[in-house]
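There is one chain below, alone, in structure tokens, taken in the form predicted alone.
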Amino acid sequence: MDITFVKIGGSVITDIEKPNSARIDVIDRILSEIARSRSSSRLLIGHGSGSFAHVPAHKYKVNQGLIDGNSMKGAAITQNVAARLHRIILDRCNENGIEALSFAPSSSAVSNKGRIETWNIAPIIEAMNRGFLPVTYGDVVMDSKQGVAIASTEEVFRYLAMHLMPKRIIIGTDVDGVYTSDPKKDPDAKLIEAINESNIAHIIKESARGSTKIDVTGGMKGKVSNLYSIAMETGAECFIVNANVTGNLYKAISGKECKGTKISK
């Protein structure tokens, strides 16, 4: 059976304006869509940190590594806060009848300047083969060059994709996809339905701006760059869709037509 990776964006499952505020109703609705679509593909779920870990990560500059006397404290706080949201997701999986198992990158992954180089993923593969739903997330990891780093969910997906070769990767965000400009500010912004070799350079330069919110993982520009890299290296088809729209994730996972941006070779 084909493998599909699904990311639930932090801007969808948390209230960005309120630190450490999870949107439980949204999480439950998304998990119900995931549960409905599990028969069509073997799934691996990842989620962002939203108003949880991004706040201390930004405050302590965790992505820069061990740079001062507060860095270790900041890394520990950020890891703990990220895990707090992760436990909420796992709790809701249990409540929604999903047999989910947690796989935290911080427990065994090591990066080099934020790019994961080693991670024993044999337990993830075994869990998926046994019918469990593996759930991972963007996390603080030990880093061979700078001491610590933040591995975004897209970076986690990149490493896993090299080994698991998913057929598709779906990123659920709070917008319909990649636009020519910020659709929340520009009424004339136009959705870019396809990104590939013919337009990737222009898209990265002109359209996929960094996040306007606190986001230590690079915002939309980072997502597009990473997803295009994954598509080139694995052949996976990557989609960015609006997870705030009921039914979108179900459609995308099930291979049905869904408004969004497709990123491919």
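Residue numbers here begin at 1 and follow the sequence given. None of these values were measured; they are calculated from a predicted model.
Although not depicted, the form predicted in complex with another copy of the chain is the subject of the following passage.
This chain is displayed without another copy of the chain, yet in the predicted bound form the stretch 112-120 from 166-174, 149-157, 112-120, 188-196 comes within 4.5 Å of it by heavy atoms. Interface membership of Y179, defined by any non-hydrogen atom within 4.5 Å of another copy of the chain in the predicted bound form, is ruled out. Of the heavy atoms in K184, none are within 4.5 Å of another copy of the chain in the predicted bound form. Of the heavy atoms in A161, none are within 4.5 Å of another copy of the chain in the predicted bound form. Using a 4.5 angstroms threshold between heavy atoms, S108 counts as touching another copy of the chain in the predicted bound form. Taking another copy of the chain as it sits in the predicted bound form, the stretch 79-102 comes within 4.5 angstroms of it through a non-hydrogen atom at Q79, N80, A83, R84, R87, L90, D91, N94, E99, A100, L101, S102.
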